[in-house]
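Presented as structure tokens, the chain that follows is alone, the form predicted alone.
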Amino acid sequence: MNETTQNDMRTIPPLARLYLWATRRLYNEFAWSYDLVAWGVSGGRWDGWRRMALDYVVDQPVLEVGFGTGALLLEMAGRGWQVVGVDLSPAMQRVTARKMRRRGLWAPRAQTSAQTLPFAAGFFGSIISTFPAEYVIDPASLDEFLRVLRPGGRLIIAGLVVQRSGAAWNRGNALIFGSVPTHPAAVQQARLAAAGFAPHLVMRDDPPWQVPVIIAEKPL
């Protein structure tokens, strides 16, 4: 991460940093349990929330950044889409490879970071990132996304912060993440605009939940 991203991370409350530490463990050592945990914390809605990103794809090929256990990558491959995935986690690469063998589906994948995408400029029509880790706030990542998208292409970020109605949920969020005067999705829109995108936000309702989807277009 660059200095700007490190400064952003230092402003995160201690409980939020603990939460991020736990999610990194889930994404690496405990990758085998990721699908079960995601299903449990979302009440079985996780896959549906991920698929929301597909509603905003405008062009192919599609790059999925941080494909995790491969569910959305397999969904797109099963639809016959041109799709490529990148994920830095060796554990997630292994989980996804096993799923692909079982399903008889395949999509090209690279083990690399969002800040160093090994693709030519203007190669992709759309980029998807669902429930992203902190790489999504790094200006270096946003620069790479803009570089590999063709003009008019879209970066689609789904599930940056999932919200639920109810005072108890809001108190829990405030305890972990602190009182945030500006919604995280709005902060991310500002970062995307600074990087050269034209972003807008769609709030998808799945009562009692709300799932933000940010659609950021590369200007023509």
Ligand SMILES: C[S@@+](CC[C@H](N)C(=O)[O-])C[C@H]1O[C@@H](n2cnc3c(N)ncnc32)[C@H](O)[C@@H]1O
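Source: prediction; values computed, not measured. All residue numbers refer to positions in the sequence shown, first residue = 1.
Below, we refer to the form predicted together with the ligand, which is not included among the displayed structures.
Enquirer: Given a 4.5 Å cut-off on heavy atoms, tell me which of 99 to 107, 118 to 126, 85 to 93, 146 to 154 is the interface stretch with the ligand in the predicted complex.
Expert: Of the options given, it is 85 to 93.
Enquirer: Would the ligand be touched by all three of Phe67, Thr130 and Ala133 in the predicted complex, meaning a heavy atom each within 4.5 Å?
Expert: Spot residues vs the ligand: full contact, yes.
Enquirer: Quick check on Trp46: any heavy atom within 4.5 Å of the ligand in the predicted complex?
Expert: Yes, Trp46 is a contact residue.
Enquirer: Is Leu142 part of the interface with the ligand in the predicted complex - any heavy atom within 4.5 Å?
Expert: Heavy-atom contact with the ligand at 4.5 Å: absent for Leu142.
Enquirer: Is Met76 close enough to the ligand in the predicted complex to count, meaning some heavy atom within 4.5 Å?
Expert: Contact check for Met76: no, nothing within 4.5 Å of the ligand in the predicted complex.
Enquirer: Tyr56: heavy atom within 4.5 Å of the ligand in the predicted complex?
Expert: No, Tyr56 is distant from the partner.
Enquirer: At 4.5 Å, heavy atom to heavy atom, what parts of 96 to 115 sit next to the ligand in the predicted complex? List them in sequence order, or say none.
Expert: In sequence order, Thr112, Ser113, Ala114, Gln115 come within 4.5 Å of the partner.
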